[in-house]
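In the block that follows, a single chain appears as structure tokens, in the form predicted on its own.
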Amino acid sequence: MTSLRRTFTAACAAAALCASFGALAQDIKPRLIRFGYGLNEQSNQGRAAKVFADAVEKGSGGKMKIRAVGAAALGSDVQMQQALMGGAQEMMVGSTATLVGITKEMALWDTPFLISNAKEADILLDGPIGEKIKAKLQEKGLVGLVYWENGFRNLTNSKRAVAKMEDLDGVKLRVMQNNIYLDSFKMLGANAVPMAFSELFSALETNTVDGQENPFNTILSSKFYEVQKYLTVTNHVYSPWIVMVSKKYWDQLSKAEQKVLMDAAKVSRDFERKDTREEASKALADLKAKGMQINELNVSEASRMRNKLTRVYAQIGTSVGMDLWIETQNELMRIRGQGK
């Protein structure tokens, strides 16, 4: 009996141990990664964030999960950048323009009239120049994964149609918290006001500012047509977004986990660019249908603006480094030469 009791007790203990391990295994939760972005869930940014989240979950077999948080609920781009650098937030996507104060080379992407079309943008961003600039982020506690597309930026305002440079005189224009944007629009005659995107709709609604500049998609998804009458097609800057990870968080991940995030980021990049470009072609018609008065800046006025910004170009070249500036100009010449 004693032997039988011992065997029974051991069996019970083993069963209890197995049950305990089973419960522990069930309690092991996947890595939850907060991914912040500024636009709303229905925007091109929101749709791409969902594609990214799905790709991470699939690529990790459910061991990593993205919690996408839009509408600037985790803060403005600048606030989220600081949170990533401090390790308080894991991931975000945001404008490269708000990174210039952290990594000066990012100012290259703010150059007015630098990039002419999507093909040039893709080659520059995904090639050696884009990679070189992205790598600089690591010195500041950020890891750049891929560039998404925000698109070509265009002007809206509530005062008047902008058909020539002089029409910008006295217009209170919200710009990103970035010196290149500030200096460029001041030189063109506008009263440039730096402001976080999360504050913009309210500022337009209350006439704190008269206008702003963003791609068609953002103008539409953010419902700026409700508080802006005039839209001028200027295509004055090609504006990228960048997907980033906190370096403090990135360094905690295994190589396999880092690969999951990078692979998923590339999937989201390809989806996002295609989606953004398709949406942009429809958005202009939608904005017109919603009552915006639309005009296109002609070539001669664009040239006048470009000539007015010579000092800005020199400033950008000095800021990013003349080697990078010259390398970029040579690469653009090479790309344009292929198209002939």
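This is a predicted model, so every value here is computed, not measured. Start at 1 with the first residue shown and count on from there.
There is another form of the same protein, the form predicted in complex with ligand KDG; it is not shown, and what comes next is about it.
What stretch, of 31-39, 285-293, 268-276, 47-55, brings heavy atoms to within 4.5 Å of ligand KDG in the model of the complex? Partner-contacting stretch among the options: 31-39.
Looking at Glu149, Glu90, Asp77, Glu105 here, can you tell me which has any non-hydrogen atom within 4.5 angstroms of ligand KDG in the model of the complex? In short, Asp77.
Using a 4.5 Å cut on heavy atoms, which of Thr156, Ser95, Asn178, Ser246 is close to ligand KDG in the model of the complex? So the residue touching ligand KDG in the model of the complex, by this definition, is Ser95.
Would you classify Trp241 as touching ligand KDG in the model of the complex, given a 4.5 Å non-hydrogen atom cut-off? Contact check for Trp241: yes, within 4.5 Å of ligand KDG in the model of the complex.
Taking heavy atoms only, is Ser221 within 4.5 angstroms of ligand KDG in the model of the complex? Output for Ser221 is no: heavy atoms all beyond 4.5 Å of ligand KDG.
Would Gln228 sit within 4.5 Å of ligand KDG in the model of the complex, counting heavy atoms only? No, Gln228 stays farther than 4.5 Å from ligand KDG in the model of the complex.
Taking the shortest heavy atom distance, is Asn214 within 4.5 Å of ligand KDG in the model of the complex? Within the cut-off, so yes.
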